[in-house]
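The form predicted alone is given below as one chain in structure tokens.
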């Protein structure tokens, strides 16, 4: 089953990602996408005001490496600009954009209904800018198995505490307790994982799960803890962990998060990564130019350098 999940009102990749097209749509769900995909570098008017401006960015630790690397490249290219980037999770990104604490938020999921409601109460219209493709990868310590394959429901049962030993999952696996690692509430990675793996089956994360505050923290725990299982964004996968092949249900093919499988949304937990603003940035402002930079060929190369997938482009007219 090829499920091109687009999370709420975000259109599927073939619908929203078109070369040289500015696509702006207001959705009944209460937020907007504003996406510029161009085969050419963005050409800006020659002015000077933005060259001394500063902006602040906070939110998803998944998006953090992309935003930080792009900020450094941008400031090196345009000395005098100042861009501050901090993590804290997608929930922080949305809340600080809504409250006007930062200029741009980072998110690895669309806004929750509560965040949409909070924004409406404060007169804020959330704008989402897809900047990259990613996957939530289920990973285990090599002590579990070198080529593990699981259905989404089997993964859900592990994280719900229905399976407590690896031998419960499959008798061929070690008869050892499962060490479950999850992200903190509010994390976009956790939210995406639960949307795909837990909620369809009515599962809740077990109270025995070990909570970690970021993708790097989960990565370190999985690398160093025998019989552990967790999930990280694609850019945080290392050779010291085993990536689990996932099937949407019994009898479906087991899919690894390869570039092709993520770009086609064949991998069951594929997603977009976003920047978020409280309004469309003023044309020519630093925020406007920085978002354009990430979406430019130069910015998309940085996306790939950070271990994520650049946005696909289709020939004009597709």
Partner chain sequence: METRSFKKGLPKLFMHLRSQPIEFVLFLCASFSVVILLLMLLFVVMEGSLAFTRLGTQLILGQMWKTNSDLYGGFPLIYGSLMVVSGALLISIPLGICTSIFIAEILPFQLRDPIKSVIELLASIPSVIYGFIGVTFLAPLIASIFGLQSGATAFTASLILAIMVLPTIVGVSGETISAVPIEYKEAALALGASKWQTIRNVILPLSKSGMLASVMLGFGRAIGETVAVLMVAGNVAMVPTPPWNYLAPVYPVTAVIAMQMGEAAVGSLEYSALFGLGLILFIITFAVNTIADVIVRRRPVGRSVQL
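All values reported here derive from a predicted model rather than from experimental measurement. Residue numbers count along the first chain shown, from 1.
The same protein has a further form, the form predicted together with its partner chain, not shown here; the description that follows concerns it.
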| item | value |
| --- | --- |
| Region of this chain that lies against its partner chain in the predicted bound form, out of 123-131, 85-93, 147-155, 240-248 [heavy atom, 4.5 Å] | 85-93 |
| Contact assignment for its partner chain in the predicted bound form, among 142, 200, 213, 100, heavy atom within 4.5 Å | 213 |
| Partner contact for residue 162 in the predicted bound form: its partner chain, 4.5 angstroms, heavy atom | no |
| 4.5 angstroms heavy atom contact with its partner chain in the predicted bound form for residue 186 | yes |
| Proximity of residue 173 to its partner chain in the predicted bound form, heavy atoms at 4.5 Å | no |
| Contact flag, residue 167 vs its partner chain in the predicted bound form, heavy atom cut 4.5 Å | no |
| Sequence-ordered list of residues in 206-226 near its partner chain in the predicted bound form, where near means a heavy atom within 4.5 Å | 207, 208, 209, 210, 211, 212, 213, 220, 224, 225, 226 |
